[in-house]
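Just one chain follows, in the form predicted alone, and it is written as structure tokens.
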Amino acid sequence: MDKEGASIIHVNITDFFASVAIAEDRSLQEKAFVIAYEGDGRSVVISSSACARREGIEKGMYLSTAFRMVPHLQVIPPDERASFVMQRSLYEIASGYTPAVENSPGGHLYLDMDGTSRLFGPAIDSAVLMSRTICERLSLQPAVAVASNKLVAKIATRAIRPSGITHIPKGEEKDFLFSQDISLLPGLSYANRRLLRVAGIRKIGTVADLDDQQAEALLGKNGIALRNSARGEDLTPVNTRRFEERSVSTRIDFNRGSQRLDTIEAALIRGAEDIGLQLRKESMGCHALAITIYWADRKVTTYTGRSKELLVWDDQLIQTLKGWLDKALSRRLHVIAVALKGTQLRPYIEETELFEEFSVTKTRQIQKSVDLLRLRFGNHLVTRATALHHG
């Protein structure tokens, strides 16, 4: 491990989709523009340029509001292919320093530099070299932080963005976090932030000082976990699987076998809700779905289909799976379980942070509200009525 105990590097490309657009077209460097989908009155800003931010334009703002603030604002649709290629290039650069790289969507990388000091020296030296390489090869300006864990490194890059390098040695996490604004704390929802500000709490250090009872009273069921995060506690390892190789899965078992189509479809809907929530938590979608049927005679069959459309939302997943169910039900026996697996994952360009106050359509707003309830109280607290009809 690094001699100062700080061996995690976080690379954060601020406003990634706008930064990719500038890297592709340098003439945009000094222009006020946003990345957004036009044509919908409820469209919101996905990403904004530095010039637009200086005019007060922020991610998640309604596009109509942004136009009132900056009438000459340029709107550019997201280029998913260019963003994917840029994310892959970031990963390739980082992989030159350690094999332990977590490739997260939206211009984020986590590197575990433990054991690499003989090759590259202290982690901060690698961070400086990597930042320079990213700038020279990709024309991106990263915020890079070195810390003892992923959480502190992530907060550190948020604190210095849009770009720069910082180092939080092990043992100095509390001092660093104490004076940081609560808006930098990951996992804190818009409603939580608003509630804390009403209570006069504006610094992470104040949240860190809450006892268990105070944390739960202010922040609900996840209050203690958020309080621990405010203290810089994080044991989450670097996930070295590339997001293209990840998958989401679930299995629904029947109390007794069934041949009824409506019963099997109910299980399918419940499973779609499960994998949909898993995808949206990671800002991902999937292009491929596998339906595995477990039969009463202990045989197993699987049908795998691919969708050109990136599947993210429950209604998309349900309709797609229903269309493939006939192909999966290849036998006339009782079904005892259904399993679903989503693969070929790709980042989903979300128009605002998951569970924030803005949304694009009423359907998506309802979906996000349901997701929030499921995360807080359990996956099946809120579900479609038809999903209850399986035995």
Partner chain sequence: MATIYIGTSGYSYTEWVGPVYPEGTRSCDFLSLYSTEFPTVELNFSYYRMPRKEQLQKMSCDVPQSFKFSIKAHESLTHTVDFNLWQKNAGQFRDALEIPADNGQLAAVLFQFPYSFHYETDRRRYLDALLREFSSYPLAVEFRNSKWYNSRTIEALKNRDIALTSLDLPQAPRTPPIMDVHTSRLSYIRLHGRNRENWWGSDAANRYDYLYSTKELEAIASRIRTVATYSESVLVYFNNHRRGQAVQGARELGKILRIR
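Source: prediction; values computed, not measured. Numbering follows the first chain given and starts at 1.
Not on display, but discussed next: the form predicted in complex with its partner chain.
Novice: Quick one: find which of 310-318, 105-113, 179-187, 278-286 has residues within 4.5 Å of its partner chain in the model of the complex by heavy atom distance.
Specialist: Only one stretch passes the 4.5 Å heavy-atom test: 179-187.
Novice: Do residue 228 and its partner chain come within 4.5 Å of each other in the model of the complex, heavy atoms counted?
Specialist: Residue-level check for residue 228: no, no contact with its partner chain.
Novice: Quick check on residue 6: any heavy atom within 4.5 Å of its partner chain in the model of the complex?
Specialist: So residue 6 counts as contacting its partner chain.
Novice: With the partner left out here, check for me: in the model of the complex, does some heavy atom of residue 223 sit within 4.5 Å of its partner chain?
Specialist: Residue 223: no contact with its partner chain in the model of the complex.
Novice: Can you tell me whether residue 303 touches its partner chain? I mean in the model of the complex, with a 4.5 angstroms heavy atom cut-off.
Specialist: No, no contact at 4.5 Å.
Novice: Using heavy atoms only and a 4.5 Å cut-off, determine which of 91, 84, 120, 294 is in contact with its partner chain in the model of the complex.
Specialist: Contact check passes for 120.
Novice: Mind checking whether each of 12, 20 and 49 has a heavy atom within 4.5 Å of its partner chain in the model of the complex?
Specialist: Checked in the model of the complex: no contact with its partner chain for any of the three.
Novice: What residues, if any, in 164-185 have a non-hydrogen atom within 4.5 angstroms of its partner chain in the model of the complex?
Specialist: Sequence-ordered list: 164, 165, 166, 167, 168, 169, 172, 175, 176, 178, 179, 180, 181, 184.
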